[in-house]
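Let's start with one chain on its own, the form predicted alone, as C-alpha cells.
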Amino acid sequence: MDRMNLLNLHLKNFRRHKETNLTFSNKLNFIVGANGAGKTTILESIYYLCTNKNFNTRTDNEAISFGEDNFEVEGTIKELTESKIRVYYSLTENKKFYFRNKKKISRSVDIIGSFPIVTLTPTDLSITKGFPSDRRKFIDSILSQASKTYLINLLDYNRTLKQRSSLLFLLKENNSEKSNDELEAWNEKLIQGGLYLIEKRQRFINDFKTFVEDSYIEIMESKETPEVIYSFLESDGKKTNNIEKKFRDLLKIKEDEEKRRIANLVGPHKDDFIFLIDNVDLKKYGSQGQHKTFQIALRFAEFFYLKQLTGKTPIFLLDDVFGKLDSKRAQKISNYLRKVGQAFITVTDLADFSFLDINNEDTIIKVNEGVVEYA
C-alpha cells in the first residue's frame, strides 16, 4: 500500500494568498480561521494539484488574486518517490499549465487518479438532495479516479452525445434518408459506449455498497441500514435481464421525441442512483441529520474504496463539516479520521470544537486574510 502524503504547498496570487508557504503533518491538518479568511482556498489549491481542476468555481480566472494576471500552485506529494507538482494559470493567455517534475502534462486522463483525492464539502448536499446529474457526477468521479479506462470511455461517450445531438438538430431541419442512416450508426456507438458505462457502474455499486455500510456503522453505530441502488435505462433499480435489448427498444420508442426535442433521451447519461435508509427513500423522506450522515458516509466510503482499489492512500479534504453536526456525531467522525491517514480540515474556531481528537502529531494552521501562522 502506497502511503501518499502532501508534504508542502506554495501559493502565489491565489485568491487571498499573495505568497503563502505551508508544510503539513502526515496525520490531521486543522486549518482555522473566520469565514472569508482564506482557509477553503488552501483546500482548493490542494485539489488543483491532484486534478488540475477547481472544486469551487467553473472558471480558473476567478482564483486569481485581485489585480494580478496569473496564479501559481506548487506542492510536493510523497509516495515511494517525491513528485513536484506545479499548476500555473495565465489570465492574458487564458491558459492553464500542469507540470509534474517539470514535465508538462496536457491530458486530463494522465492527471486524474494519479493522486487520488476525496472532498467533503457543504455542496455535497446536492448528492443526496439534488438532481440525478449530481449523483452521476459523484459516482463518475470515483470511477474516473479508480480507472483511467473508465474515464477515457466516459469522455468518448460524452463526445458521442454531442455528435448525436448535432445530427438530431439536422434531422429536425431536414429529415433525409442519409441523415437517418447516420443516426443508426450513432445509435450503435451510443449503445456500445453506454453498455460499457452501465456494466462498470453496476459492478461498482455492488462493491461500493459494503463500503457505505461500513462507514455508516462507524458514524451511527448501526442504528440504521443504508443502501445504494443503481437505476439505469428507466429501470428504477429493478432487475433487467437483457440490457442491450432494453437500450435498443427505448431508442426506438423515443426516436420521434428525440428528434422533436433535439435531445438524447436514452442512455447512462440519464441514469440515477437511489439512496435508502431502512428501505425508505432518503431523498423523499430523509431528515436533515440523515442526509448529512449519508453524505459523510459516502465520502468515507469513497476514500476506503479508492484506497483498496488503487493501492494508494487518497488525500482527504473536509471543508466546514463539523459546524452543522451535533457534538456526538462530530466526535465519531473526528475519531474515524484517525483511520484515514492525512486529512485537511477547515474549522472556524477550535474552541467551538473541543470534542475534536487533536494530538501532537497533528498540525494547526491559523489563517487570517490570506496570512498563515502555526499554532
Partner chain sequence: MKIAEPLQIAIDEFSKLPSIGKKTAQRLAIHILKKGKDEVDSFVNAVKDLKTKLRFCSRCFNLSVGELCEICKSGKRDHTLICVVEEASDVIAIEKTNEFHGVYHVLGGVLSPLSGIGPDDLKIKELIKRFENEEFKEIILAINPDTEGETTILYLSKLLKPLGVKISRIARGLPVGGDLEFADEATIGRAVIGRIEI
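Numbering follows the first chain given and starts at 1. None of these values were measured; they are calculated from a predicted model.
Here the subject shifts to the form predicted in complex with its partner chain, a form of this protein not shown in this document.
- Although the partner is absent from this view, Glu79 stays clear of its partner chain in the model of the complex, with no non-hydrogen atom inside 4.5 angstroms.
- Taking non-hydrogen atoms only, Ala185 approaches its partner chain to within 4.5 angstroms in the model of the complex.
- Within 4.5 Å of any heavy atom of its partner chain in the model of the complex lies no heavy atom of Arg261.
- Using a 4.5 angstroms limit between non-hydrogen atoms, Asp181 touches its partner chain in the model of the complex.
- Shown without its partner, this chain lists Arg159, Lys103, Lys245, Lys252 as candidates; in the model of the complex, only Arg159 has a non-hydrogen atom within 4.5 angstroms of its partner chain.
- Just one of Lys96, Lys283, Lys84, Lys189 comes within 4.5 Å of its partner chain in the model of the complex, counting any heavy atom, and that one is Lys189.
- Here the chain stands by itself, but in the model of the complex one stretch of 227-235, 123-131, 159-167, 290-298, 159-167, has heavy atoms within 4.5 Å of its partner chain.
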